[in-house]
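Encoded as structure tokens, the following chain is the form predicted on its own, with no partner shown.
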């Protein structure tokens, strides 16, 4: 199916992996709506992408932890572009500390963003996706959804939960024609988790690698459903 004119909504699209996904989809002919928590971040990213890549791109403020904000973002996207074909649930946050030291605020922030937000956005988008001839929900998870690590209690819990949510959504929606896939990258060279960008340059994945996985999935024929992709750096540092 031609991608020209299809509509994608990317949460957390103002920087990092989300921005790379939005840019790549624009380059593939999609019309793209992207979200950030603030209007300045969303509109700034949309304007920069329009200049850098071209195409139609809309920036919308919306905190995915708020179900009403999710509904507004989806409705604004559909009002602007006339429909919705692809939802990319990318918004995520990581705050790392031991269970004893983690604040309630940081726990709730991660569960609310990384897990609740996927549910809220998907629930708002499904009625519109059902009108698309080739609808997708792509959830950006993490290999931390399979591999716990010290200091990662909230992040691991949210990403383990996302694995279960994604697989249940896939089973719920497959016979309605919506394909649900989970992309689980390992270390990506972004500022995620307050790490300086470029800290892992040379061995880590790039945001564009995750964007490539999104585009590749969207190219599969209707009879095929790759439901999970694990994406690793090819040569990470040796341990020990």
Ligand SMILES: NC(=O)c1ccc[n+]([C@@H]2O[C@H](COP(=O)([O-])OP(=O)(O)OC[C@H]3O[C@@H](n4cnc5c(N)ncnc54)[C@H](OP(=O)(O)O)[C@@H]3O)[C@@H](O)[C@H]2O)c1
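Residue numbers count along the first chain shown, from 1. Note that the structure is predicted; figures quoted are calculated from it, not measured.
The protein also exists as the form predicted together with the named molecule; that form is not presented, and the subsequent description refers to it.
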property: The named molecule in the predicted complex: contacting segment from 23-31, 51-59, 169-177, 64-72, heavy atom within 4.5 Å; result: 64-72
property: The named molecule contact in the predicted complex: residue 188, any heavy atom under 4.5 Å; result: yes
property: Contact label in the predicted complex: residue 122 to the named molecule, heavy atom within 4.5 Å; result: no
property: 4.5 angstroms heavy atom contact with the named molecule in the predicted complex for residue 15; result: yes
property: Contact test in the predicted complex: residue 93 vs the named molecule, heavy atoms, 4.5 Å; result: yes
property: Those residues of 137-158 which, in the predicted complex, come within 4.5 Å of the named molecule by heavy atom; result: 140, 141, 142, 155
